[in-house]
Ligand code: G3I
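Taking the form predicted alone, here's one chain by itself in structure tokens.
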């Protein structure tokens, strides 16, 4: 059964219409530029205690991932010689399925070390413990974790910076040689992994006696001594008042480039003073967005920067309120609505043409060991689905016929900058993706606000706004779903049944 223009103020826009739109998510724009933009998986995700919107946004908007806590020493070796990989494996499996680059955080750190380690006071014994830990943890994820924070936060916070002594069992028992050894052992365990030194407050500038200056000096020494360091991570947990920080990051990137070392932004958030959430207005969030954009501008303009990692996705799950005395520091609010910071990052990416952005990586599209990401679906270029493929303007009462696949005009509210929906792993984002089962195929029809689904008994229906954010989800258990709760506008509907999926643009009026 064929439909011409659908009456009652709703249109189903066909598959070929998607070919005239460029996908514009943080992820797709970053991949075009050979860069990685990522965010942590919060501990709530690992414990299956997070909203469904979180994962949908995460895998749609980001192409790199790091665990909030689940790969640290106390999580991976809680008891001597007894390793726990289940949660880390969960993240690696997720990353493979969604073609994401994995960061490992962190191997040698003075904090979140189990008590049995802190009780060791013999140098040789502790060196053996550190080597065994690195051998096992890095070896377990060899070829799957692209980059490790080998040493984390090992510099003190005094005005005259040196290695952290107070509170660090590594320095107190072993001395500074634990850093060199950790890099050597990590490289031996996985010669292809990028190896980083990661710290906070190195975004404060390169002035005399600065923490950043100390890092650059140590990088120079490491390189001269053939210690296999390849990258430095600047955590960059800042407040809204830190307006000079982006240019400090630029200066650090340039200084490290002289030693052929990559600088990555590894833990970014831009918070407001705690207690201020109720008084924040549009101008405050615009200022936050401006700072986020400045960081992205620097990131894209410095050729030795490769990763832009945000320490969270939504303000609903953030360490800032509980541990940092700050608030509202991420790019999605507590209701999973994108803030101006999101739009600013998109604007920065679009303002830097892919042809002008240099990357320290060969590719940001297919991360290491992506063999497990093969999509079993096939691309249907024939657009033979019997639902309407009309992309023209719908006028109530207009019954004129439109040829399937006609894209001569676009539904009201659609522009050339509209973002298509999130793309399933392995999907090119163009055309309909489906797999025929026997003689049946997935079909969807929209009449008014009722979406009918044929070819599946209990298909999952998801609706996304034009930024790829999920706004509705249901199961077509009786062959139809009511969309009357959605506001007027342009959406993308995805219907899934096992390995099969079908997508259509929808204009609701």
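It should be emphasised that the depicted structure is a prediction, and the values quoted were computed from it without experimental measurement. Numbering follows the first chain given and starts at 1.
Just so it is clear, the following notes concern the form predicted in complex with the ligand, a form of the same protein that is not shown.
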Triplet 76, 136 and 181 all within 4.5 Å of the ligand in the model of the complex via a heavy atom: no
4.5 angstroms heavy atom contact with the ligand in the model of the complex for residue 327: no
Residue contact check: residue 101 to the ligand in the model of the complex, 4.5 Å heavy atom: no
Exercise: residue 224 in contact with the ligand in the model of the complex, heavy atom 4.5 Å: no
Contact label in the model of the complex: residue 72 to the ligand, heavy atom within 4.5 Å: yes
Proximity to the ligand in the model of the complex, single hit among 235, 348, 210, 168 (heavy atom within 4.5 Å): 235
In the model of the complex, the residue from 244, 172, 276, 112 that sits within 4.5 Å of the ligand by heavy atoms: 112
Which of 63-71, 48-56, 445-453, 478-486 sits within 4.5 Å of the ligand in the model of the complex, heavy atom basis: 63-71
Residues within stretch 246-270 having a non-hydrogen atom within 4.5 Å of the ligand in the model of the complex: 267
